[in-house]
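There is one chain below, alone, in structure tokens, taken in the form predicted on its own.
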Amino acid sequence: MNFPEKLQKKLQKRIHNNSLRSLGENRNLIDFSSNDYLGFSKSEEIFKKAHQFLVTNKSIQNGATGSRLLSGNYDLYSLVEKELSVFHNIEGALLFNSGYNANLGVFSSVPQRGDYILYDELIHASIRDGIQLSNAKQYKFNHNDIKHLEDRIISIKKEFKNNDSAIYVVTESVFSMDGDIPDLKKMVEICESHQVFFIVDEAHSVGVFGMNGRGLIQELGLENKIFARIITFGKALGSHGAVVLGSQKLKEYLVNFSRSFIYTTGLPPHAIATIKQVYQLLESINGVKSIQQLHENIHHFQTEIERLQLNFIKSKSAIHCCVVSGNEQTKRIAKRMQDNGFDVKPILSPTVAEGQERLRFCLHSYNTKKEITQVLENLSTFVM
């Protein structure tokens, strides 16, 4: 069969812009690109304990067998959801198959026709996709711009035609491309004063910030002021799946109306057992040490940036970006660094805005200070 011409043109445009994506190979380079901030994805302790838990509880089963509303809601689901609600100090916790599924499910089902969604202009693509499936009106506000957000809320309230219209504000506690952090306390104050619902994606915060990695929302004591938190397990927690945290009423609503929850096979027992063991490790001495080591590495990275006078976006998180500009130049520098043994990935347009192409460095508890110094000194030879 011939390939559709419209699709071929889109591929050709990517080739012309030097932005064509392809699946890479594992070259066993020094890791400065993965989201495995604490090294949990490689933890033999988690792997063995998850397996032993299933054996001990006679859960020798490879799959969920169906959606959770049919045959897939085995006991381990309820057990782990209860543990997550306690750990995150919230009433309700509902597990999803991935962060993408969770964001799709929340934003496509919760905001209704006549409602409004205000989202940070740099919000993750999965949230944008969920918003596109919603019947609510959608507006963006300037990145981390508190005044613009409040002006938007005031302006929208003047448009209200129905007394039951709701406004949902959504941001990330740590942004995945810049690694920066919004003023969450001020955003909560604004949302409370204007009686709007606040939703926060904590994908890159949990496991990195807060006591035992509980995330920025809990570090700031804001958990009972947030309508919904979305936490994914594929970043610092090194596993798979996601959880939506909120009231018991929100959980009940999502079970009934979230299509990405209803119409999908549940996670296999081993995935849920792994999540359980990950959270146990977070509360252990080894978990605390991993988080402390990560923050020591973040501090060392920041110190070396200053010493070498490199131009990075300011970040206190595990994500640090050096804006290069231009797909070709960014890919060229990334390849040279990879050839020198460092796994540093280029982030190209259209993933980021044209002119904002960058090298993205992800830091881990298992990176050594010597590796951090070496990767930045290597970078300095290409961008000074």
Ligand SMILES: Cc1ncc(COP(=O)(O)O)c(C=O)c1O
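From a predicted model like this one, the values you see are computed outputs, not experimental measurements. When you see a residue number, it is the position in the sequence shown, counting from 1.
Another form, the form predicted together with this ligand, is not on view; read the next lines as being about it.
Scanning 99, 105, 213, 246 against this ligand in the predicted bound form with a 4.5 Å heavy atom cut-off leaves one residue, 99.
Checking 218, 290, 258, 232 against this ligand in the predicted bound form, a heavy atom within 4.5 Å turns up for just one residue: 232. Residues 179, 300 and 364 are none of them found to lie within 4.5 Å of this ligand in the predicted bound form, as judged by heavy atom distances. Stretch-level contact analysis of 133-141, 306-314, 77-85, 201-209 against this ligand in the predicted bound form, using heavy atoms and a 4.5 Å limit, identifies 201-209. Within this chain, residue 277 is remote from the site of this ligand in the predicted bound form, having no heavy atom within 4.5 Å. Heavy atoms of residue 241 reach within 4.5 Å of this ligand in the predicted bound form, making it an interface residue. Though the partner is left out of this view, residue 126 does reach within 4.5 Å of this ligand in the predicted bound form, counting heavy atoms only.
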